[in-house]
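One chain comes next, on its own, written as structure tokens: the form predicted on its own.
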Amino acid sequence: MTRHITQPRESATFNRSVIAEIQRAAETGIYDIRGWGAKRSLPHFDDLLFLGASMSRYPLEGYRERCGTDIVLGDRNAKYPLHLDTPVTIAGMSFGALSGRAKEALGRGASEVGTSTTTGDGGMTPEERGQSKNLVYQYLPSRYGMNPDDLRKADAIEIVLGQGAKPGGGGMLLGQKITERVAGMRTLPQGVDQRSASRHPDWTGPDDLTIKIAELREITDWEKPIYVKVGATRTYYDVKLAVHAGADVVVVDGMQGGTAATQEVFIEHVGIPTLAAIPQAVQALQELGVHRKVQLIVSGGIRTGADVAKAMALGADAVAIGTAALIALGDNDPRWQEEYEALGTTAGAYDDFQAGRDPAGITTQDPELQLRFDPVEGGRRLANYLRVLTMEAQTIARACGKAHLQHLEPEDLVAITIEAAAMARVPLAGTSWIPGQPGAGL
């Protein structure tokens, strides 16, 4: 009698990762903290395709027909709006989470291609201000390092109400990264774990935000554009409230956006995908009659020029990158594979930024590890990457017959999944059907 041996079958609900997390929680009694962004598969820009020109549309010739990439941010109220050469900007990442040399490299790379970088939590460093042609100062609930002099030194101010990886939650910086310098800038005890507030201490709603924006304008003599950043959740309402409060620019960060450290349950289960947030934000701006007058910056999972072009086709004026910028600098580089393995991970999966042991010397305050990172070379790499993103987006825009990246529109897109079609509000490929839209036919 032949015996049939069946292969063990893994549960889809209780897979190995889930079992390992239950066992870890049972052993330690604490929740898991990590960096990066959501790792689950979500509808994203890869689920959209462009309709390139053929007969009904005429493409532009790349070698002789111009495709503009410049963008003006904050011209609604500010005396000195930002004039950028590319719509790809650098998102806020704090000194503390990153080394001072990494912040310097971000400034160098952004300035070389004519775009902006952003301080993040923890205040303004001389390295970043000294190398950044356009520096956006983040005004966060923690107020770490905040002072009026730095507000005046900045080229724009970004009031942060939420972040895509953890909307509704504050930041974390573990004690091993709070060096003497970080502690001094944040007025914290050295070596002690820090958790930032999840909401601003001096207001409880949109009316208070209006007062705060007016206060910041007075402090800076109405010179600086005021951004308001929200984590993507109730995006339609949040964008409307930000505009009513007086924002010049609204930043919407989807759940694919990264973080230096927070609870994993936050990263994977709070917020909505970037793809779902953009149409809601655009609808809110259009209904208020301020689309393109109040600029929309989108962040959360931007990786390629195609992502840039798709975000702009859906209605964004610009995008911001964070995780991709760190990878461009050299984070998760395979040349440090042995050291990543010694930390119990691998290049491409390292997300324990909070531990401060980054072999690449980027997300660390360890003086020896920091010396591995060359800010000049890092800046050069970032500038190259930003140029490629811009050129890729231009290539797509020309293929759609557009003479400027801002001329891209939803009509240039189709979706290849029903979920993406519904979220992005563009037709399913080969049909005129937009799921959830009344009166749409096949």
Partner chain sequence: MDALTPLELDLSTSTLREVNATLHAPDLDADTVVVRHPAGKHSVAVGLTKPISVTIDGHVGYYAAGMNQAADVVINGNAGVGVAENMMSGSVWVKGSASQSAGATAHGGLLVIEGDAAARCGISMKGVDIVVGGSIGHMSAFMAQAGTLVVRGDAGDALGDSIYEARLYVRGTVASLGADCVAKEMGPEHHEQLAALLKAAGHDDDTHEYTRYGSSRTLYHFHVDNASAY
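Numbering follows the first chain given and starts at 1. Because the structure is a prediction, the values reported are computed rather than measured.
Keep in mind that the form predicted in complex with the partner chain is missing from the display, and what follows is about it.
- The partner chain is not shown here, but in the model of the complex it comes within 4.5 Å of a heavy atom of T28.
- The shortest heavy atom separation between W336 and the partner chain in the model of the complex exceeds 4.5 Å.
- Taking the partner from the other structure, the partner chain in the model of the complex has a heavy atom within 4.5 Å of a heavy atom of G191.
- By the criterion of a heavy atom within 4.5 Å, Y139 is counted among the residues contacting the partner chain in the model of the complex.
- With the partner omitted here, the stretch from 355 to 363, 202 to 210, 292 to 300, 338 to 346 that lies within 4.5 Å of the partner chain by heavy atoms in the model of the complex is 202 to 210.
- Contact with the partner chain in the model of the complex, judged by any heavy atom within 4.5 Å, is made by just one of R234, R372, K133, R195: R195.
- Proximity to the partner chain in the model of the complex, defined as a heavy atom within 4.5 Å, holds among V113, V243, A154, L216 only for L216.
- Applying a 4.5 Å heavy atom cutoff to the partner chain in the model of the complex picks out Y139, S142, R143, Y144, G145, M146, N147, P148, D149, L151 from 128 to 151, in order along the sequence.
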